[in-house]
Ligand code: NAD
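Only one chain is shown below, in structure tokens, and it's the form predicted alone.
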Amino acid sequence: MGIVERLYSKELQSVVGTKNKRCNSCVLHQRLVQKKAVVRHNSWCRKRNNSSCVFYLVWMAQHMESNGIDKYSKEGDGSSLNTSRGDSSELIQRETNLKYGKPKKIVVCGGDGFCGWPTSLFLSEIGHQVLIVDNLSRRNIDNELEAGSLTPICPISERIDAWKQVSGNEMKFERLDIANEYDRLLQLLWREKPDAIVHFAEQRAAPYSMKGSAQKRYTVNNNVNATHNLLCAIVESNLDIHLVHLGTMGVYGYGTSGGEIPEGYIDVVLPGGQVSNILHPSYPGSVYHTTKCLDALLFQFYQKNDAIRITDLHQGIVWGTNTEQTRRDERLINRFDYDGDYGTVLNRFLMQAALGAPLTVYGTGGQTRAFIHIQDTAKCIALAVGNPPNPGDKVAIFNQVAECHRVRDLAKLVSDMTQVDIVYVSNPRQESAENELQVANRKFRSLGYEPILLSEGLLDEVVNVAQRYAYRCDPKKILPASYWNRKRKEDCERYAKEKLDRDTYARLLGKVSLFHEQQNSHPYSSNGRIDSLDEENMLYVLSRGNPETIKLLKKTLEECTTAANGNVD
């Protein structure tokens, strides 16, 4: 039954039955608080009969069905129409339930992180009870790398308080290391009795996992232990808990497969002609990706042995910073990592573009990767929570992606939008220089997933995040700091020495960053002058190599410097 038919139910029939009521007092008018909806409603109800109201609801339902329930939300996906009446709230909740399932008690492990935080807010928004479990290790890694989020991140308690203030929904938080505190984890499950666990609690950066022996060992110990402890605790608790795990497309590897990558399983012909459906072969490209492959094997065993209900989501590279929920208050803002270890390729490009610096493409830029917006990550998690596998079903595997792009094409997209140059640098990763990637994502599509594409939201990231917070950037952190092996490190260092002076490039970025910071405050102060050593390089980047623009910028810089000196004197 479609949304149109569901809306034309007892509520609508009762509206048809009550005739000769004025539009300004009709039930529908009281339900519609969003300005655009009210304007359209009034224009359709000029005859002041409620059959017009029914016609309007049918029209609205058709658009909801094609564009998603959230299109008519005042604040987010949690309520398709914000209302003040109990009966309409029930109607809204039913419609939300039809898309995302009934409200549940959910534990979000890793709920303070880049994907975990906006997902926790979205789950809370659509009516779930959310308990965030996190050991705050990502914040500690910021200290280790001396490279924090570009966006200012509030303490977790302040984040949760802010969410309650803007939404009225309460979330709970428990600081717990699920990889090392098994007994506390088990006690938590017995106490809370959750319906589902969403598992983000893993070290998520491939470059960080290759940084050195300490980081490699930490990634394996943390990721594999966390997953295995969750599985053991679910079994020992004797509770029917649905585990939703955020995996990665990297388990498939990034070589050219010769066809579309299926969702988790592949049909093969065994020796003797027997046809079998098996888990897709894994081909990890880093220690991080290897831990995700180990997760997948653990899931297969515990589903077969203990009939745990498990959904494994093979996600592409996440782009975007904010969601409809995190935009409501500055204290709710999500992470934006731009450094060489945690910053995704797109975030690095956006940060460089915001500073007016060249985009650094690794190798030929022929690597093809899958992408998904952070808002869609939250929606897909909610869809997975609302559609668990039946008891005894094999592990449900979804490819959580929206689109695929070559890295050089992505760089061109950003370059065309921001008018910055592109430079090709030696690749710190051990990977194929070129690869094709075709990914099936029919399962989420069948559940109503309509993705946000890069062409739709990229400019917002440039203007509202990268440029807005550029003054917080440490430009030295953008370039690669981790290498897959000794040869990759030697090649990168030799390339940098011959073609890209790393120190000069870092100083240049620093000057451009300072330039942006001063634009947001005041013209050059006595401690913010640009020295002549880097002046030509800076002017070249800002002018994109145009000789006439260089002359104009140099003249402007001289005038600003003269004015600043006059003010100081």
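All residue numbers refer to positions in the sequence shown, first residue = 1. Quick caveat, the model's predicted, so the values are computed rather than measured.
The form predicted in complex with the named molecule is left out here; the points below concern that form.
- Among heavy atoms of residue 247, some come within 4.5 Å of the named molecule in the predicted bound form.
- Though the partner is left out of this view, residue 200 does reach within 4.5 Å of the named molecule in the predicted bound form, counting heavy atoms only.
- Although the partner is absent from this view, residue 292 contacts the named molecule in the predicted bound form, with a non-hydrogen atom inside 4.5 angstroms.
- Of the heavy atoms in residue 384, none are within 4.5 Å of the named molecule in the predicted bound form.
- Among the residues 465, 115, 402, 147, the one placing a heavy atom within 4.5 Å of the named molecule in the predicted bound form is 115.
- Interface residue among 451, 320, 316, 101 relative to the named molecule in the predicted bound form, by the heavy atom within 4.5 Å criterion: 316.
- Residues within 4.5 angstroms of the named molecule in the predicted bound form, judged by any non-hydrogen atom, belong to 202-210 and to none of the other stretches in 441-449, 486-494, 455-463, 202-210.
- For the three residues 138, 179 and 335, a heavy atom within 4.5 Å of the named molecule turns up in the predicted bound form in every case.
- Taking the named molecule as positioned in the predicted bound form, none of the residues of 429-447 brings a heavy atom within 4.5 Å of it.
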